[in-house]
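Taken one at a time, structure 1 and structure 2 that follow are two forms of one protein chain, written as structure tokens.
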Structure 1
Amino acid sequence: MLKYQQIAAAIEQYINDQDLKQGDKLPVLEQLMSQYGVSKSTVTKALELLERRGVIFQLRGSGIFVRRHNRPGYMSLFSTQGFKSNLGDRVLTSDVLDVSITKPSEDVARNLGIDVSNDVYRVERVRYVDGEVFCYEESYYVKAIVPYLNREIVADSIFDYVQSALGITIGFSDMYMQVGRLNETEAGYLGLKMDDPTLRIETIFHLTNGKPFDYSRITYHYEHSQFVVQANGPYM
């Protein structure tokens, strides 16, 4: 683990241990430098990381402060999208409906940047948070990149598996969101009625080299899903 990542983790833990609130002041740069025995740029890089993740904000001429948001019950949009597996204390479980190898449809192939003749794994799940239906998910993995999946792996975190067992690291992802109405099948899985509102998110996950390896469509239970996004900016 890199120095700046360790320092970021240490500072985040310090915030949690001390149960610091929004606006509480952290030690100044110079102290962090000597405390961790690293150069200014390394501390700065750790702080940038925390800033991007919404943990702190920095104010030139003044100091480094804790940032929080005040809505328990809202999940970070990114925590549900393969990044931080951390959902706080909540327990995530899945019913696996399907794991199979097939040929992709035109649409799926286009999103994965492959030809329809290539094999893909199709995974279909209903996911629960603390026992409540959370979403219905249909996702496709390029078999050339993810050569093996089974129901057991898929019941757990697929991303943990591809990362630890296959050494695959995710580079970046594109999420497409829109609101619509449930069809009959989706309503059945979610325990809702047809035509009820829903949030749909399609995500294309890319490897670090830019190649798509996973295309996923998630249909959320509108009553059990609310998200928070902490943004920084403007960027320029």
Structure 2
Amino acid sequence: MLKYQQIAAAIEQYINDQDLKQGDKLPVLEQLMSQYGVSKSTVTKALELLERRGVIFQLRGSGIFVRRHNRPGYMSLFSTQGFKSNLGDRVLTSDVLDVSITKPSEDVARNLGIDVSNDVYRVERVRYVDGEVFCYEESYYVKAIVPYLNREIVADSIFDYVQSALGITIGFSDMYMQVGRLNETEAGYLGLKMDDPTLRIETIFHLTNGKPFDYSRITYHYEHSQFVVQANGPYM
């Protein structure tokens, strides 16, 4: 990953850690250069990336400001920081179905860029927001990068754990979305009927050096999940 992408990830993490709100002002360009020890061009590119992703907005002569969606109940679809940082005052809980060390399937290994002989943590859980079923999740973590997980960690926020306890910086993600219908297993976990509609998202999360460490498949409850995509400028 390029340096400006690392700085963009660090700034976004700072915004989430400080729980900054819409319109909160960030340090000026010179302060960011000093804070991260990088050149003006690197910080400028990082800010341009964050602006394209809807994380900040810049006003010439006024400064750099946090950009947040203000419609309650909606989650940013393109965040790399996990559910918990997206939900504000809403309460996220998990029913942990499985935490185990296993060998990846060929599909999982391909998405993680590893060999099928490598160990991964398999995590399976149902997630709730304010007591309502939100999604069913199946995730795989490269054990060489995330060496330890247990039910207590998985029941809370895995992303908080890997960033704070393991010192891992999450760089970027690739998302693949598909609208379809629930199979019998998914419907059972979500409390819906087979063939009810759903949104499925497969996400590969990368470190700042570009190496994949987490491959997740999430199936959303169509009545309880709402998303926002923040864009810059008009669509053509």
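These numbers come from a predicted model, not from an experiment. Start at 1 and count along the sequence of structure 1; that gives the residue numbers used here. Throughout, rigid core stands for the largest set of C-alpha atoms superposing within 1.5 Å between the two forms.
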Form selected (criterion: the form predicted alone): 2
Core-aligned C-alpha movement of Asp174 between the two structures reaching 2 Å: no
Large Cα shift (2 Å or above) at Gly188 between the two structures, core-fitted: no
Threshold 2 Å Cα movement between the two structures at Asp24, rigid core reference: yes
Inter-form CA displacement between the two structures at Leu59 - rigid core frame, Å: 6.5
Rigid core fit between the two structures: Cα deviation of Val43 in angstrom: 11.4
